[in-house]
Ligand code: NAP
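Next comes just one chain, in structure tokens: the form predicted alone.
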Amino acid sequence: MKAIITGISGQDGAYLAKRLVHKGIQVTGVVRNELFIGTGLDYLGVRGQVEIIQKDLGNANEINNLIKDKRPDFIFNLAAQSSVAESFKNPHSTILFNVHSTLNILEAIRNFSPETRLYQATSSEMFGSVSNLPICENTLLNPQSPYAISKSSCHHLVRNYRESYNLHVNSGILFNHESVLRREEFFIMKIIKTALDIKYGKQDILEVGNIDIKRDFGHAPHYVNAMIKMVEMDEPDDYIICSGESVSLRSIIHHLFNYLNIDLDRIKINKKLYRPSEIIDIYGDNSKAKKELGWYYNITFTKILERILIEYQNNFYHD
């Protein structure tokens, strides 16, 4: 069997590639530039078992030719401009790339390989601020950032192609999920690296924006298992993948600083780092994924945080 992973250079792509390789599936990873595939595949020991090719997902002809050539059993579309903060700075490019690339893949499947099964990465950010928690698959979308708007569009495109053309295309609505392979500009890795810098005298303070918001955090290696389960189901659908509980960013920082014996007065709030629009609290209901996919998750985020910290310090951080 053959699979294509777009965005294989990200944390999810690397963990997903490892899972698929171990299942005996031939994996082709699509990147924008072969010079920047990240360290994840090497770290997980599967770099030599994955074919890497360079394609422009915004170019319909390139994607059409790729799908016609490979005729993959599965496509996992993980590629996106995925930073909420960056999307406020560059809304045009965020929406253009995220939506256009997804549409190109759907059209290529429809026209040239209708038996291919698609996993489309959407996002909990699509729901925005809601009055009733937890969020389930039927909660109305209320996106509050250009990134969320782009992912909402992708979500509706997948549903439209599934219903209009009877394709096996699925949306995975993943809430925040972290790992040691997360890029350092994202919140969890930013605070882990900065906390270690403070501990070893390389930095004085951790500067943050609004840390009284709450998010539903999980562990990326466990979440990619749900992606595989979706494309293996007899019928396609949309599934929320989450831990089912929210934790405040403040409590995460305090736990990490206490774990490393760092004074809490090293935390500085900078209101210039606040986003123009912010979701105060969000967490999901993963009962559908548990019931239909047989996917289970029961790890507290404090345990994940400590695990990532230790793994990062042992393998990536230089004091």
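When you see a residue number, it is the position in the sequence shown, counting from 1. These figures come from a predicted structure and were not determined experimentally.
Another form exists, predicted together with the named molecule; not displayed. Remarks below refer to it.
In the predicted complex, at least one heavy atom of Leu78 sits within 4.5 Å of the named molecule. Within this chain, Ile188 is remote from the site of the named molecule in the predicted complex, having no heavy atom within 4.5 Å. Of the heavy atoms in Ser82, some are within 4.5 Å of the named molecule in the predicted complex. Proximity of Ser145 to the named molecule in the predicted complex falls outside the 4.5 Å heavy atom cutoff. Contact with the named molecule in the predicted complex holds for none of Ser113, Thr116 and Asp237, as no heavy atom of theirs lies within 4.5 Å. Ala121 is the sole member of Ile135, Leu106, Ala226, Ala121 with a non-hydrogen atom lying within 4.5 angstroms of the named molecule in the predicted complex. Residue-level contacts in the predicted complex: of Met230, Ile192, Val158, Leu174, one residue has a heavy atom within 4.5 Å of the named molecule, and it is Leu174.
Shown alone, this chain has one stretch from 136-144, 67-75, 177-185, 161-169 that lies within 4.5 Å of the named molecule in the predicted complex by heavy atoms: 177-185.
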